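The chain that follows stands alone, in the form predicted alone, written as structure tokens.
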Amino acid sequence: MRRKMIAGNWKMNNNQAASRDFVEKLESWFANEPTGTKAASVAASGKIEVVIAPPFTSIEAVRAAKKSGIIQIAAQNVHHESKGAFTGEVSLPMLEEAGCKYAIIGHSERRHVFHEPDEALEKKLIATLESNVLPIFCVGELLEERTAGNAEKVLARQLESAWTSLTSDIVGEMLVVAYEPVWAIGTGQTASNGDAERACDFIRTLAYEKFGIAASESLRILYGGSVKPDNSASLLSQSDIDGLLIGGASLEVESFEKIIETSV
């Protein structure tokens, strides 16, 4: 049984004070509210994982505020080199020292706003897998690519470029893939349950064809794109969706708690 992941990507939101306040409220919910203690118990059993990706400047605030061990920290980006003359970048050793368990790689905003190419994302993925930080590797198509009937071609290109040198053990044990259709991110549009499931099933099929059944059945695949409390349960009910990568709805603690509730 694949462990579910509920991951909140705060993007460029929440300063240190707001981050501490959010985590303290979430920890209080886990400790004191019936729905929260149930979620904490399920998390302790290893069936779900709660992840927060704060801005780099708020990572320490999140680490200091989290007390129970339920919340894991992800970075929103990473550079593939461990050190050097790369102004403005952050390395994997730095993220490890800061307490990050995960790093998000290839988020649609990195691909389409900052124009990061497949080749650069492959370098980031390989470097992350060689570190003590685990990757959440994002893929997804633009609206025009989907309208043209090329969504699966885009997903295949993004994945096959990234995992050329990976092995079945790595894919099954260390990799998390997040499917996030670009047209559904921050737009209020959400892929239908069927569309999201078909895309995640396609990703799992690609993993099966390249790495075999054991790796494909172990691979965790998340959905991201205008996820909210009122659609999270139906998305999580799909057989190939193992969790959610949440943007705006993860900025309000009550909203994030309600989404966590639907995962247990």
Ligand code: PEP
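Given the structure is predicted, the values throughout are model-derived calculations rather than measurements. From 1 onward, residues are counted along the sequence shown.
Note that the form predicted together with the named molecule isn't included here; everything after this is about it.
In the predicted complex, Val78 stays away from the named molecule, with no heavy atom inside 4.5 Å. In the predicted complex, Lys11 approaches the named molecule with a heavy atom inside 4.5 Å. The named molecule in the predicted complex is approached by Val227, whose closest heavy atom lies within 4.5 angstroms of it. The named molecule in the predicted complex is approached by Ile185, whose closest heavy atom lies within 4.5 angstroms of it. The chain is drawn here without the named molecule; in the predicted complex, the stretch among 23-31, 61-69, 197-205, 218-226 whose residues come within 4.5 Å of it by any heavy atom is 218-226. Scanning 229-251 for heavy atoms within 4.5 Å of the named molecule in the predicted complex gives Leu245, Ile246, Gly247, Gly248 in sequence order.
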